[in-house]
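Coming up is one lone chain in structure tokens, specifically the form predicted on its own.
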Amino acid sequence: MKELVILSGKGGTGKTSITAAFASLADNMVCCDADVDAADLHLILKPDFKKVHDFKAGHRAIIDPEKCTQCGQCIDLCRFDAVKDIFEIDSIECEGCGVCVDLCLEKAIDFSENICGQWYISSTRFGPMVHARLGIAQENSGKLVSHVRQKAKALAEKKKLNFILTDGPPGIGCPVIASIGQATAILIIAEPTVSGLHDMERVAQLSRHFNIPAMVCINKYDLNVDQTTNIEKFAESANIAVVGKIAFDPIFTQSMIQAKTIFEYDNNSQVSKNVRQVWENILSRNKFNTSFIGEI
């Protein structure tokens, strides 16, 4: 089973739009949206929800007023000032450390598992999809990313599908690390700006650290030709393949407004041809052979 994870050093590079376009080209595929903090692949793929599950992580302390004697010990113990004078716990301030639970003499504090969001198994017009949504101000996004990827692999095995296309989170933090473990290859979507080059370098270093092959696609390359050249020079020096360049075109925005991929919106456009060529170049890379791991 092969898994291609599509990443970017920052948001707004076109990662999700390109992922959706690839989904319309891939065969025998499970699509996985691992950007759980700001999931938006569903806006284009319009999934039909088949299964909805709660995602639980961490714990939340809740005082039982019938057992509480208002001794004030929990107020004294809490380092985060989450216990208020009315003997209620502020769920935003509470860090879930459990000190108040362990040391309450009356055992008046419940410590239930926290529901942080939901994860879904859905069907789309291009195949099955596993995705999730993290709740507002909730943590443990890395754990949810790992969970979604595990479910995507299990679904691929169950349906005897041999390819997983994963839309990863931006940046290089914990969610990104959780999204690339044991992946076959990474595609970095870079934009031709100073920050775009810097962010691409960071993702490339991350892929090297975890020994995962990396490729680069330059989106909107014609907006700044000089920075596009700098990205190509870095990729060459790091022995990372540039699998294609995509010109800037409002068709991406227009297709998103219609909840369509660029191929569904205008299959004959030049930018559609660019994206198709990128996809073909990815598949031709020795089936994601590790021979193109770059030295960062």
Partner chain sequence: MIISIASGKGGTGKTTVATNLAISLEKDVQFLDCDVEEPNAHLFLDPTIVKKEQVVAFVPQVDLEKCTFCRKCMDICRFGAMAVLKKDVMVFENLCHSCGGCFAVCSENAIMEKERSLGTIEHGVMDHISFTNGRLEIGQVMVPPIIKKVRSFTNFETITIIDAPPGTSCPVIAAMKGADFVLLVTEPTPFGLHDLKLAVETVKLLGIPHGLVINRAGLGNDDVKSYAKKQEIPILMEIPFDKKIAKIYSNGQMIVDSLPGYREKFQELFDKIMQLMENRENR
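Numbering follows the first chain given and starts at 1. None of the values given here were measured: they were computed from a predicted structure.
The form predicted in complex with the partner chain is left out here; the points below concern that form.
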114, 224, 146, 124 - the one with a heavy atom within 4.5 Å of the partner chain in the predicted complex:
224
Could you check which residue among 162, 205, 184, 118 gets a heavy atom within 4.5 Å of the partner chain in the predicted complex?
205
The partner chain in the predicted complex: contacting segment from 61 to 69, 263 to 271, 36 to 44, 233 to 241, heavy atom within 4.5 Å:
36 to 44
4.5 Å heavy atom contact, residue 192 and the partner chain in the predicted complex:
yes
Please determine whether residue 139 contacts the partner chain in the predicted complex, using a 4.5 Å cut-off between heavy atoms.
yes
Using 4.5 Å between non-hydrogen atoms, is residue 151 touching the partner chain in the predicted complex?
no
Using heavy atoms and a 4.5 Å limit, would one call residue 155 a contact residue for the partner chain in the predicted complex?
no
Would you give me the residues of 154 to 168 that have any heavy atom within 4.5 Å of the partner chain in the predicted complex, in order from first to last?
none
